[in-house]
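You are given structure tokens for the same protein chain in two forms, set apart as structure 1 and structure 2.
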Structure 1
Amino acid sequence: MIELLWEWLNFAARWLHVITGIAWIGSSFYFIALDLSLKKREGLPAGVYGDTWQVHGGGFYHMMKYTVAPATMPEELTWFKWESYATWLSGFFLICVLYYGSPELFLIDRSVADLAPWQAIGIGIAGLVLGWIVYDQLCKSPVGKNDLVLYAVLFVFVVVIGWAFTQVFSGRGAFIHTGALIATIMSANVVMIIIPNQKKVVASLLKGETPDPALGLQAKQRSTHNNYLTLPVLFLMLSNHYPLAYGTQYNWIIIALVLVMGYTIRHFFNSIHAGKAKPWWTWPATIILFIIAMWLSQAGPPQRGEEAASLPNAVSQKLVASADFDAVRDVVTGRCSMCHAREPVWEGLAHAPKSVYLEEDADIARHAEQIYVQAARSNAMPPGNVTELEPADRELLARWYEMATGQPRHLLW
């Protein structure tokens, strides 16, 4: 019963997290596009930097931006902050329910580091807190005076942290923590810098003083970072469903590529929203980076590399008739069925994860492709290798699947 409630709690938290994330990133995309589309022209009210016209939902909108603030404060003012806070809070709740709730399944991989649950959780939380502190200090240090130098330093910083997470956590745990660190930086930028600076500006205006322009510049710098981090953070959060991305030895290089892809895609949209020439080069560049990520995912030692393949149902017969099948059945019933059963015997599991049953011959044939992806070409299953699948077992599963289905060993050559 408690497992079922936990499962539903997980689902509810995820639903909330996706909704708040859409609200946050949606409003962030909107305001960046709005900001870039503003045009300076004659005849605008005093203090207005530029204006723009938009049409949506049957009406026309005339938007103006006051760079510092209007001469008199409006009575009602909408602040955009809860989207960000709620996304971070629901995300942290989710990481607690899932990763800190079952660290043995999702966070710890004993072939990477033999951590106790409390150690893994401690490293995770410390990584998020220290990561923010270092980022914040880098921005405030002399390095932060030059935007381009700062970008380069921050890029290296995030990749190093991502690499460090891959040295202590499962690939999946490392990706979610890198994503969570980026999300923490983005949210902390809002709560610690952008909103407080805006409040200080409003306060000094109300007192009739001239606000310090440095406050606005600092907020702008942080909000630009947030702009370029939105796409990588989404990739890293979603990557959990795609073991090909995280379940490889070179997963930390994939993190680096994702940061660059986040930049190239945003750069295209930022340029068109600003009415500049369209930088078409960003698309082939992004595709090439993506293909490099695909290639990296299956380079390296077989049990750490992986690839996807599709299996038409007609092949099931061949899979079961294979000479390797008896050995495959032994591996699967010995190493997977305790969790992937109609009535799992693994403590804490009320239901087979993702409703993947691996008990009967037909089950094994039906899920052959997933077995191949999750356990032969990646080490995603068993989670944290809890049932100690040997490299030779993974080799067997790979050979069985590849021989019976005629799959090429490598996707890209």
Structure 2
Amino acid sequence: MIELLWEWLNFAARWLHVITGIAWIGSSFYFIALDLSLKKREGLPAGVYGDTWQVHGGGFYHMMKYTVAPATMPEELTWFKWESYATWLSGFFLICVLYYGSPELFLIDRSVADLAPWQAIGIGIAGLVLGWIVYDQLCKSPVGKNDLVLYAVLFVFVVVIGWAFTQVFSGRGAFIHTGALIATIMSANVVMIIIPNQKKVVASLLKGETPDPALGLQAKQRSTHNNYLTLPVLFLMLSNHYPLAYGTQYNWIIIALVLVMGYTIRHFFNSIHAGKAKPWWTWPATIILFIIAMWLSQAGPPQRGEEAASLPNAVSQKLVASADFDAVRDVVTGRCSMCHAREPVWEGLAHAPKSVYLEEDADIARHAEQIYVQAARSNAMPPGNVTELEPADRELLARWYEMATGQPRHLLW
């Protein structure tokens, strides 16, 4: 019962996260494009930097931007902030449900670092908090006064953090936490810098004062960072479905390549929005970088020590000691391990799906909950039932898991 409720909670959190992410990314991309399309013209109201005409949905829109702020506070003002807040909150909730709820499955790789669950969770959360603090201080330091130098320093900073995560987490956990760090930086930019600065401008207007132009410049710098970080964070969040991206010994270099690809793609579109010459070179450059990432992905897994052979906990030990385990092992190794192996034999598979291995007794016990949800209580696995898992086999897997874990079948079935 708990496992299936947890699975649906995971699905609901992911759904919410995607919805709010679309809303945030859409508004972010739109306003960057709007800002870059502004043109200075004669006859504009005092204080207006530029304007632009746009058409959408059968209507015409006349957009203007003030260099700092209008002379008086408008009666109505729309704030764009909840998309960012909801995206980060739903994303962090999703990490808690999936990675912190099952750290031994998705976050910890004992061949990388033999961490206790609380240690892995603590490192993950500390990395997000400290990552934001370092980023924020870099932006506020003298380095932040030169955008190009700041970009270079931040690139190195994110790559180093990504590399550090690969030294303590599974490849999947490292990629997700690198993406989560970038997403935390982006959302914190909104809640800690952009919105507070806008509120200070509004407060100055209400007092009849002239707002400080530096507030808008600082907010724009952080907004631009968010624009260039969006595509890399999307890649890293989607990577958990593609082990080839994170399962290689050069996974941290792939992180670096993705950061550069995100920059080249956004540079192309930002240049178009600004009315500049189209930098066509960005597309062959991006394709070359992507091919390099593909090449690195087949370089083999990280050279680590042997994976810990011990069973992760008492429940896993009970699963292996079950009277049904010999039969369960035969079903799993006969119907699942041709794909879920360290060296898959199924044609076309270079890496086990989601890095789930089902070869050894400890593997089967470690992933028992996934076997139960995906193969016993649903027909999600094997895909299309290509290995012809029989109904009796699924019943065996369900009975084995429920008896060993004390799941009260009658509450759900």
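Numbering runs along the sequence of structure 1, starting at 1. In this text, rigid core is short for the largest set of C-alphas that superpose within 1.5 Å between two forms. All figures in this text were calculated on a predicted structure; none of them were measured in a lab.
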Pick one: is 1 or 2 the form predicted together with heme C (HEC)?
1
Residue 14: CA shift of at least 2 Å between the two structures after core fit?
no
Tell me, please, whether between the two structures the C-alpha of residue 324 is shifted by 2 Å or more, with the rigid core used for superposition.
yes
Would you say whether residue 196 is displaced between the two structures, judging by a C-alpha shift of 2 Å or more on the superposed rigid core?
no
What Cα shift, in Å, does residue 346 show between the two structures once the core is superposed?
23.5
Quick one: how many Å does the C-alpha of residue 337 shift between the two structures once the rigid core is superposed?
7.1
